[in-house]
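Here we start with a single chain on its own, the form predicted on its own, put down as C-alpha coordinates.
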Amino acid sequence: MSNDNQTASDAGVRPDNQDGSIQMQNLTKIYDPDGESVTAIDEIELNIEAGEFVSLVGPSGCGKSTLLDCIAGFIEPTYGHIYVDGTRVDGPGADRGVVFQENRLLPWKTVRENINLGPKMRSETIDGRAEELLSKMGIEGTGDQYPTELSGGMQQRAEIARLLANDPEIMLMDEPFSALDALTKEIMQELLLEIWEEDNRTVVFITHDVEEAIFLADRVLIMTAGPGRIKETIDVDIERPRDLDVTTTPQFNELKEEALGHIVEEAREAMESGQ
(Lines give C-alpha, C1' and ligand atoms only; values in the text may rest on other atoms or scores of the structure.)
Protein backbone atom coordinates (compact mmCIF):
# COMPACT_ATOMS: atom_id res chain seq x y z
CA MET A 1 0.00 0.00 0.00
CA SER A 2 1.21 3.49 -0.77
CA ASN A 3 0.37 6.50 1.36
CA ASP A 4 0.38 9.94 -0.24
CA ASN A 5 -0.05 11.55 3.18
CA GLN A 6 3.22 10.24 4.57
CA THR A 7 6.13 12.64 4.86
CA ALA A 8 9.85 12.17 5.18
CA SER A 9 9.60 13.06 8.87
CA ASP A 10 7.37 10.05 9.63
CA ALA A 11 9.32 7.60 7.48
CA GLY A 12 10.59 5.93 10.63
CA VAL A 13 13.63 3.78 11.29
CA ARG A 14 13.28 0.16 10.33
CA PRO A 15 13.47 -1.96 13.51
CA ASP A 16 15.73 -4.95 13.93
CA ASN A 17 14.24 -8.22 12.70
CA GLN A 18 12.54 -10.35 15.37
CA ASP A 19 10.34 -13.37 14.68
CA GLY A 20 6.72 -12.54 15.55
CA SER A 21 7.46 -9.05 16.83
CA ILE A 22 5.31 -5.98 16.11
CA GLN A 23 6.57 -2.41 16.13
CA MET A 24 4.36 0.67 15.68
CA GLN A 25 5.84 4.07 14.96
CA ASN A 26 3.72 7.24 15.13
CA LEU A 27 0.67 5.18 14.11
CA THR A 28 -2.26 7.45 13.25
CA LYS A 29 -5.52 6.76 11.43
CA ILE A 30 -7.85 9.59 10.41
CA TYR A 31 -11.23 8.93 8.85
CA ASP A 32 -13.08 11.53 6.81
CA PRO A 33 -16.78 10.59 6.79
CA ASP A 34 -19.00 13.18 5.13
CA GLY A 35 -16.08 15.59 5.00
CA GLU A 36 -15.61 15.64 8.78
CA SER A 37 -12.18 14.54 9.98
CA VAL A 38 -12.20 11.99 12.83
CA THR A 39 -8.96 10.71 14.38
CA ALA A 40 -9.47 7.09 15.43
CA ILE A 41 -5.94 6.39 16.74
CA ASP A 42 -3.27 9.00 17.29
CA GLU A 43 0.54 8.73 17.28
CA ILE A 44 0.75 5.30 18.87
CA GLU A 45 4.27 4.11 19.65
CA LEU A 46 4.26 0.49 20.73
CA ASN A 47 6.52 -2.56 20.67
CA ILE A 48 5.11 -6.06 21.14
CA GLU A 49 7.66 -8.80 21.63
CA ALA A 50 7.65 -12.09 19.77
CA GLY A 51 5.54 -14.62 21.66
CA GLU A 52 3.94 -11.98 23.89
CA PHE A 53 0.21 -12.03 24.74
CA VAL A 54 -1.18 -8.48 24.81
CA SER A 55 -4.77 -7.46 25.59
CA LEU A 56 -6.30 -4.17 24.43
CA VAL A 57 -9.12 -2.67 26.50
CA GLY A 58 -10.84 0.69 26.63
CA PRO A 59 -14.17 2.47 26.22
CA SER A 60 -16.28 1.79 23.13
CA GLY A 61 -15.05 3.77 20.15
CA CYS A 62 -11.50 4.15 21.45
CA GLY A 63 -9.93 2.72 18.28
CA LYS A 64 -9.11 -0.83 19.38
CA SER A 65 -10.47 -2.45 16.22
CA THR A 66 -8.88 0.22 14.03
CA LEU A 67 -5.51 -0.56 15.60
CA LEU A 68 -6.00 -4.28 15.03
CA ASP A 69 -7.08 -3.72 11.42
CA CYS A 70 -3.92 -1.70 10.81
CA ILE A 71 -1.76 -4.54 12.16
CA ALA A 72 -3.67 -7.02 10.00
CA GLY A 73 -3.11 -4.82 6.95
CA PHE A 74 -6.84 -4.43 6.28
CA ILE A 75 -6.65 -0.65 6.45
CA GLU A 76 -3.83 1.77 5.75
CA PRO A 77 -2.58 4.19 8.40
CA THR A 78 -2.83 7.86 7.60
CA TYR A 79 0.57 8.43 9.16
CA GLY A 80 3.22 6.22 10.66
CA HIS A 81 4.24 2.63 10.11
CA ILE A 82 3.81 -0.90 11.43
CA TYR A 83 6.55 -3.50 11.18
CA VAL A 84 6.13 -7.24 11.63
CA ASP A 85 9.39 -9.13 12.01
CA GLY A 86 11.18 -6.00 10.85
CA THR A 87 9.23 -5.79 7.59
CA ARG A 88 6.85 -2.91 7.00
CA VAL A 89 3.18 -3.94 6.79
CA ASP A 90 1.66 -2.97 3.43
CA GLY A 91 -1.35 -5.29 3.37
CA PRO A 92 -2.68 -8.60 4.73
CA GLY A 93 -0.25 -11.49 5.05
CA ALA A 94 -0.17 -15.15 6.04
CA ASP A 95 2.08 -14.23 8.98
CA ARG A 96 -0.98 -12.62 10.65
CA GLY A 97 -4.19 -14.51 11.30
CA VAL A 98 -7.40 -12.81 12.44
CA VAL A 99 -10.36 -14.08 14.47
CA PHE A 100 -13.41 -11.83 14.76
CA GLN A 101 -16.37 -11.69 17.13
CA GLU A 102 -18.50 -13.33 14.43
CA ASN A 103 -16.77 -16.18 12.68
CA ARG A 104 -15.94 -15.84 8.99
CA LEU A 105 -16.38 -19.50 8.09
CA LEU A 106 -17.88 -19.99 4.64
CA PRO A 107 -21.33 -21.54 5.21
CA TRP A 108 -21.37 -23.41 1.89
CA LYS A 109 -18.15 -25.29 2.69
CA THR A 110 -17.67 -28.02 5.27
CA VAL A 111 -15.65 -27.37 8.39
CA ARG A 112 -12.76 -29.35 6.90
CA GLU A 113 -12.91 -27.37 3.65
CA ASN A 114 -12.90 -24.11 5.62
CA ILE A 115 -9.82 -25.15 7.58
CA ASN A 116 -7.98 -26.27 4.45
CA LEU A 117 -8.92 -23.20 2.39
CA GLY A 118 -5.87 -21.05 3.18
CA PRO A 119 -3.28 -23.82 2.75
CA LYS A 120 -5.07 -24.98 -0.43
CA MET A 121 -4.81 -21.50 -1.95
CA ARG A 122 -1.04 -21.65 -1.36
CA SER A 123 -0.80 -25.32 -2.47
CA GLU A 124 0.33 -26.25 1.05
CA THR A 125 -2.46 -28.60 2.15
CA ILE A 126 -1.25 -31.35 4.51
CA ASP A 127 -3.27 -34.57 4.67
CA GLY A 128 -4.79 -35.03 8.10
CA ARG A 129 -3.91 -31.53 9.30
CA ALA A 130 -7.56 -30.43 9.53
CA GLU A 131 -8.44 -33.50 11.63
CA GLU A 132 -5.43 -32.87 13.86
CA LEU A 133 -6.53 -29.29 14.50
CA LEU A 134 -10.16 -30.27 15.09
CA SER A 135 -8.97 -32.77 17.69
CA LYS A 136 -6.74 -30.12 19.25
CA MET A 137 -9.75 -27.81 19.51
CA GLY A 138 -11.90 -30.54 21.06
CA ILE A 139 -14.35 -30.85 18.14
CA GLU A 140 -13.06 -33.94 16.38
CA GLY A 141 -15.56 -35.61 14.06
CA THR A 142 -17.08 -32.34 12.80
CA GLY A 143 -15.04 -32.08 9.59
CA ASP A 144 -17.91 -33.13 7.30
CA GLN A 145 -20.44 -30.81 8.94
CA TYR A 146 -21.29 -27.31 7.81
CA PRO A 147 -20.71 -24.31 10.11
CA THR A 148 -24.43 -23.73 10.63
CA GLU A 149 -24.71 -27.23 12.11
CA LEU A 150 -22.35 -26.28 14.96
CA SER A 151 -23.02 -24.34 18.14
CA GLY A 152 -21.53 -20.87 18.56
CA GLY A 153 -18.69 -22.17 20.70
CA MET A 154 -17.89 -24.95 18.25
CA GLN A 155 -17.91 -22.46 15.37
CA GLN A 156 -15.34 -20.32 17.16
CA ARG A 157 -13.21 -23.41 17.79
CA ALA A 158 -13.40 -24.20 14.08
CA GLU A 159 -12.49 -20.58 13.31
CA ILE A 160 -9.37 -20.81 15.46
CA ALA A 161 -8.51 -24.14 13.80
CA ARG A 162 -8.83 -22.38 10.43
CA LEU A 163 -6.43 -19.71 11.63
CA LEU A 164 -3.92 -22.26 12.98
CA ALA A 165 -3.98 -24.16 9.67
CA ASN A 166 -2.24 -21.13 8.13
CA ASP A 167 0.44 -21.31 10.85
CA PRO A 168 0.66 -17.54 11.44
CA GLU A 169 3.31 -16.04 13.68
CA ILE A 170 0.74 -13.58 15.02
CA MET A 171 -2.87 -14.13 16.13
CA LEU A 172 -5.08 -11.03 16.04
CA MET A 173 -8.33 -11.54 17.95
CA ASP A 174 -11.19 -9.02 18.02
CA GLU A 175 -13.57 -9.92 20.88
CA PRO A 176 -13.68 -13.57 19.75
CA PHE A 177 -15.58 -14.86 22.80
CA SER A 178 -17.95 -11.97 23.52
CA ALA A 179 -21.00 -13.66 21.96
CA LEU A 180 -20.57 -16.90 23.92
CA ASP A 181 -22.31 -17.89 27.12
CA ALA A 182 -20.30 -17.54 30.33
CA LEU A 183 -19.34 -21.21 30.70
CA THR A 184 -18.33 -21.63 27.04
CA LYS A 185 -16.37 -18.40 27.24
CA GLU A 186 -14.34 -19.67 30.20
CA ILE A 187 -13.63 -22.94 28.40
CA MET A 188 -12.46 -21.04 25.31
CA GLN A 189 -10.21 -18.79 27.39
CA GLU A 190 -8.43 -21.77 28.94
CA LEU A 191 -8.19 -23.48 25.55
CA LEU A 192 -6.66 -20.37 23.99
CA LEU A 193 -4.03 -20.22 26.72
CA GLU A 194 -3.17 -23.89 26.15
CA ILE A 195 -2.70 -23.22 22.43
CA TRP A 196 -0.64 -20.11 23.06
CA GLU A 197 1.61 -21.78 25.61
CA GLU A 198 2.17 -24.71 23.26
CA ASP A 199 2.83 -22.74 20.06
CA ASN A 200 4.37 -19.54 21.48
CA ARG A 201 2.70 -17.25 18.94
CA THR A 202 2.29 -13.53 19.44
CA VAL A 203 -1.31 -12.64 20.36
CA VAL A 204 -3.05 -9.26 20.27
CA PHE A 205 -6.46 -9.67 21.89
CA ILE A 206 -9.27 -7.09 22.00
CA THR A 207 -11.90 -7.37 24.72
CA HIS A 208 -14.31 -5.28 26.79
CA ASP A 209 -14.02 -7.83 29.61
CA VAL A 210 -11.33 -6.65 32.03
CA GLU A 211 -11.15 -10.03 33.81
CA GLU A 212 -10.62 -11.76 30.48
CA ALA A 213 -7.91 -9.28 29.52
CA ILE A 214 -5.96 -9.81 32.74
CA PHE A 215 -6.44 -13.58 32.87
CA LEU A 216 -5.04 -14.07 29.36
CA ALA A 217 -2.35 -11.45 28.93
CA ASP A 218 1.24 -10.64 29.78
CA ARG A 219 0.36 -6.96 29.39
CA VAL A 220 -2.95 -5.11 29.35
CA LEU A 221 -2.92 -1.91 27.28
CA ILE A 222 -5.63 0.59 28.19
CA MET A 223 -6.63 3.04 25.46
CA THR A 224 -7.97 6.54 25.80
CA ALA A 225 -11.57 7.27 24.83
CA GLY A 226 -10.64 9.07 21.65
CA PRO A 227 -8.63 9.73 19.78
CA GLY A 228 -7.17 6.37 20.69
CA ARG A 229 -3.81 6.45 22.43
CA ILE A 230 -2.17 4.09 24.90
CA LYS A 231 -3.16 5.58 28.27
CA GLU A 232 -1.66 2.95 30.55
CA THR A 233 0.22 -0.34 30.44
CA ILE A 234 -0.45 -2.89 33.17
CA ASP A 235 2.05 -5.72 33.53
CA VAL A 236 0.32 -8.93 34.61
CA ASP A 237 2.91 -10.55 36.86
CA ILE A 238 0.85 -13.65 37.55
CA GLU A 239 2.60 -16.98 37.25
CA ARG A 240 1.85 -19.23 34.29
CA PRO A 241 0.30 -21.62 33.51
CA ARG A 242 -2.94 -20.08 34.79
CA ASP A 243 -6.37 -21.46 35.50
CA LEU A 244 -9.56 -19.60 36.35
CA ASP A 245 -8.97 -19.98 40.09
CA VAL A 246 -6.44 -17.15 39.78
CA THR A 247 -9.31 -14.70 39.18
CA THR A 248 -10.27 -14.93 42.88
CA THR A 249 -6.82 -14.02 44.23
CA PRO A 250 -6.02 -10.62 45.82
CA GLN A 251 -3.29 -9.97 43.20
CA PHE A 252 -5.76 -10.46 40.36
CA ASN A 253 -8.38 -8.25 41.98
CA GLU A 254 -5.83 -5.47 42.52
CA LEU A 255 -4.97 -5.54 38.81
CA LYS A 256 -8.65 -5.57 37.91
CA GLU A 257 -9.37 -2.59 40.14
CA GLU A 258 -6.46 -0.66 38.61
CA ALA A 259 -7.59 -1.37 35.06
CA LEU A 260 -11.24 -0.54 35.75
CA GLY A 261 -10.21 2.73 37.35
CA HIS A 262 -8.46 3.87 34.17
CA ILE A 263 -11.31 2.72 31.91
CA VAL A 264 -14.01 4.39 34.01
CA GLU A 265 -11.98 7.61 34.02
CA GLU A 266 -11.79 7.55 30.22
CA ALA A 267 -15.48 6.70 29.85
CA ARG A 268 -16.46 9.64 32.05
CA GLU A 269 -14.26 12.03 30.09
CA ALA A 270 -15.82 10.77 26.86
CA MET A 271 -19.33 11.37 28.19
CA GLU A 272 -18.44 14.84 29.43
CA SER A 273 -16.95 15.79 26.06
CA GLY A 274 -19.97 14.39 24.20
CA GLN A 275 -18.09 11.60 22.38
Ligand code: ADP
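Keep in mind that this is a model prediction, so the values were computed, not measured. Quick note: we count residues from 1 along the sequence shown, nothing fancier.
Unshown form predicted together with this ligand; subsequent notes refer to it.
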Using 4.5 Å between non-hydrogen atoms, is residue 66 touching this ligand in the predicted bound form?
yes
Within 4.5 Å, heavy atoms only: does residue 60 come near this ligand in the predicted bound form?
yes
Considering only heavy atoms, tell me if residue 244 and this ligand come within 4.5 Å of each other in the predicted bound form.
no
Partner proximity in the predicted bound form: residue 40 to this ligand, non-hydrogen atom cutoff 4.5 Å
yes
Options 32 to 40, 214 to 222, 45 to 53, 236 to 244; stretch whose heavy atom lies within 4.5 Å of this ligand in the predicted bound form:
32 to 40
